[in-house]
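In structure tokens, one chain follows: the form predicted alone.
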Amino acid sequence: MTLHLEIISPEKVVFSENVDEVIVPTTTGQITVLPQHVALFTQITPGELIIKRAGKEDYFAVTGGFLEVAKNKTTILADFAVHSHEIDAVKAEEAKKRAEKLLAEKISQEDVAVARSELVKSLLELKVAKRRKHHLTTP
């Protein structure tokens, strides 16, 4: 038996397929959702989302949002979500450096919030990209 998973960001439906399980970062720690999971609604935190299906794993970077599990369907409404295949590590590293530079300067509180958000997003993308690279190189 499988579980239907949808990951939706403000821009698009990022993922919509049947999966064996999904591991989600939440405010109370990582949780694993399996088929026939009890109904659940919780907040997700910035982190790595892991999808397992047919013996393979897919990795996504998410920066927050909500998780709903109901009737063998899991929906993640994410502030931002990107599949590891779509992450450009060079661009993420550049964004990290820009955000760190902005945070080091004397800037407005609004700019600090934007820079912190960009820093979290870029660090997360780098983590997920590194994980994917490591996963592909190990037998």
Partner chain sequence: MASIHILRRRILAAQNVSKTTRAMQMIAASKLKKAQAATLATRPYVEKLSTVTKRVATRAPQEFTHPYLTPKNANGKKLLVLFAPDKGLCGGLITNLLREFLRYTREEKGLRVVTVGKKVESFVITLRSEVIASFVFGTTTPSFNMVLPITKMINDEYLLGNVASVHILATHFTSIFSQKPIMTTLLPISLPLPQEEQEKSEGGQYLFEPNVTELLSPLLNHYLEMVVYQYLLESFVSEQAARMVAMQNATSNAKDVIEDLRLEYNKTRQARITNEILDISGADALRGVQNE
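Remember, it's a predicted structure, so these values are computed and weren't measured experimentally. Positions refer to the first chain, counted from 1.
Not on display, but discussed next: the form predicted in complex with its partner chain.
Within this chain, N72 is remote from the site of its partner chain in the model of the complex, having no heavy atom within 4.5 Å. The closest heavy atom approach of E86 to its partner chain in the model of the complex falls outside 4.5 Å. Interface residue remark: S9 is counted as part of the site for its partner chain in the model of the complex, having a heavy atom within 4.5 Å. Under a 4.5 angstroms non-hydrogen atom cutoff, its partner chain in the model of the complex lacks A54 among its neighbouring residues. Scanning 34-66 for heavy atoms within 4.5 Å of its partner chain in the model of the complex gives V38, A39, L40, F41, T42, Q43, F66 in sequence order.
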